[in-house]
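One chain follows as structure tokens, the form predicted on its own.
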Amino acid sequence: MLQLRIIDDAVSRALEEDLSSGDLTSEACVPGTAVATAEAIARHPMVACGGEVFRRVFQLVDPATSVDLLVPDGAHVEAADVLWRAHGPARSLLMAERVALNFAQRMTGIATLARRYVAALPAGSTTRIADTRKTTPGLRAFERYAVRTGGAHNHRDDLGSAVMIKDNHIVAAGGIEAAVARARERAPHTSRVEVEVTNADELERALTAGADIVMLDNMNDDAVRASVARCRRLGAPPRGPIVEASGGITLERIPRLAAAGVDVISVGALTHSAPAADISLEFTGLG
């Protein structure tokens, strides 16, 4: 669950962006005494997400508004289903509408896409679908929550939460061996060391250096299978290093990569390319 302070910080900034000059149309056209009810309606099948954020937008615009969350986050809904219902001063509902929908449509779109990737795993698979740090600046907590709501997992939250040695680290450190050695010397003993590799030679160097996790970056299916087999021959713990596949991941490849035996499939598209869900807010009555 998202912390209230994180929600309020992002929502307040979004409202300032949209309402810094007021709402000229609503103030000119809608009587200040008008009270209305509005429903958020799904326009296609989706995985609902962001209900609490949706509600908080209305509350921060006007504490006199109320929002009923009719379906929980993570629920699959069909077209025409009502997700959430808002009630209060009509002007306030109109002022909150766009910001509330922007958050909810983004989060629901991510949760829906994440659910599709998870559903593509073979039955009984222990492979994890994970996101990446390719998130919208300032909205990582929201997008990470949506990924979890869709049933997938989060990768490292920020640069300080794990050691992940990538191509530019390797160049800057003077090679895979040097990078791993320095990480072992300086990183906390509780931190695993992950190394990104792009071919069999780099994989062998990472394994020899003692990587705990290897990320197979942009490898084709045959190379992934060979890499997994090499890692499994190392044995403990419990089947050699953790193997992650990343780069060039499509929905169609998920069953093949899981069958190859990778432990984690990280998918940047979950956050950077998820289409926004189509949710509309419709006034259903006055008073």
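Position 1 is the first residue in the sequence shown; the rest follow in order. The model shown is predicted, which means the values in this text are computed figures rather than measured ones.
Another form exists, predicted in complex with another copy of the chain; not displayed. Remarks below refer to it.
A.B. asks: Tell me, which of I249, L60, A223, A258 has a heavy atom within 4.5 angstroms of another copy of the chain in the model of the complex?
C.D. replies: It is L60.
A.B. asks: Taking the partner as it appears in the model of the complex, which of 39-47, 26-34, 250-258, 65-73 has residues with heavy atoms within 4.5 Å of another copy of the chain?
C.D. replies: Partner-contacting stretch among the options: 26-34.
A.B. asks: Against another copy of the chain in the model of the complex, would G138 count as a contact residue? Criterion: heavy atoms within 4.5 Å.
C.D. replies: Yes, G138 lies within 4.5 Å of another copy of the chain in the model of the complex.
A.B. asks: Does T127 reach another copy of the chain in the model of the complex, with heavy atoms at most 4.5 Å apart?
C.D. replies: T127 lies outside the contact set for another copy of the chain.
A.B. asks: Give a yes/no on whether E52 approaches another copy of the chain to within 4.5 Å in the model of the complex, heavy atoms considered.
C.D. replies: Result no; E52 lies far from another copy of the chain in the model of the complex.
A.B. asks: Would you please decide whether L159 lies within 4.5 angstroms of another copy of the chain in the model of the complex, comparing each non-hydrogen atom pair?
C.D. replies: L159: yes, in contact with another copy of the chain in the model of the complex.
A.B. asks: Counting only heavy atoms, which residues in 3-28 are within 4.5 Å of another copy of the chain in the model of the complex?
C.D. replies: Q3, L4, R5, I6, S12, R13, A14, L15, E16, E17, D18, L19, S20, S21, G22, D23, L24, T25, S26, E27, A28, in sequence order.
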